[in-house]
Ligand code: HEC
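Take a look at this single chain, the form predicted alone, given in structure tokens.
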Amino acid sequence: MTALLAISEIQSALAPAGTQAMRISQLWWVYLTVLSAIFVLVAIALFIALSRRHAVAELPAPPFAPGEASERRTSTAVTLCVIATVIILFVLLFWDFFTGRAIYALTSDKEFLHIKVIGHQWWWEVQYQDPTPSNVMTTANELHVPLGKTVKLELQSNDVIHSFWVPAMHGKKDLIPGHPTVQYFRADKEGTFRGQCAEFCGHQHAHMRLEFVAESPDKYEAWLAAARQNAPNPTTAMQQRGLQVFMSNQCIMCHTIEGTAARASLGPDLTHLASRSFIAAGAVPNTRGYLAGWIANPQNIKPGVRMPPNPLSSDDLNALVDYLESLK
């Protein structure tokens, strides 16, 4: 579980690593500070009122008329409280307004990285768009971006309502079937962060995670160039047999492996599966044992998932795992 623990270390809207998340975090702290101060003042006033209950009990029985000085103090206190309330509300209103403007300021950028993210039950399809169709690259459950570059996410759902959320980068954005939407952000801090679906979308909603990697432009370009390459050819007899097992079973009906005849799109793209730190959208780490168990009977790991079991012989299963582990 080491890989999953490393991802989960950074999953907080209060540990921003991007411009938009920073604005949201600042607004949250302002609201927390102001409202906490108000709560404390109200609690103090309530405590004072309760501590003076004995003095109130000793007042003459009604009807009695409060003194003129008391009336004046009460009127002044109420007036000051009303003025303070109005000022505080307008301060929060304008802070919220300017935070919103700052968050959406990136929409005016002319140069941006265009990525399409499609929500499925229960995994993320990530497509890196490019004016040249042959350069369009598809991966699953991972998103790499360069530091300092505006990113335009085109978000859509393939089935039910999902919600895309990487707390360290931006707020939540709902993905509603038939209604594509967009989100702009910029990563300012290098690191690996965790994202997830934030809208209940079915039985395995909790296991719909995303690995978000913000890295230097050089590292990003190197990763993208490698990700655009076709899957490496099998180099051993076991890997060659594993490829044959993949192509002759139901795997080919759901998955794509670039450089082979496997071109289906019902399931995640497996071209560079071995380079990912986890499988099943974050349900388990990408190790040989978990990979074999996932192939043989995914329902044991992620009940309700749409991937069917694969009743392979032990030899065929080992060969298939050997081949998949070579896809880096």
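Since we're looking at a predicted model, the values are computed, not measured. One rule holds for the numbers: they count along the sequence shown, beginning at 1.
Here the subject shifts to the form predicted in complex with the ligand, a form of this protein not shown in this document.
Taken together, the three residues Phe246, Pro268 and Leu291 all lie with some non-hydrogen atom within 4.5 angstroms of the ligand in the predicted complex.
A heavy atom within 4.5 Å of the ligand in the predicted complex is found for one listed residue only; from Ala319, Met307, Ile24, Ala17, this is Met307. Although the partner is absent here, Ala262 sits far enough away that none of its heavy atoms falls within 4.5 Å of the ligand in the predicted complex.
The ligand in the predicted complex comes within 4.5 Å of no heavy atom belonging to Val117.
Using a 4.5 angstroms threshold between heavy atoms, His255 counts as touching the ligand in the predicted complex. Contact annotation for Trp122: at least one heavy atom lies within 4.5 Å of the ligand in the predicted complex.
Applying a 4.5 Å heavy atom cutoff to the ligand in the predicted complex picks out no residue from 161-178.
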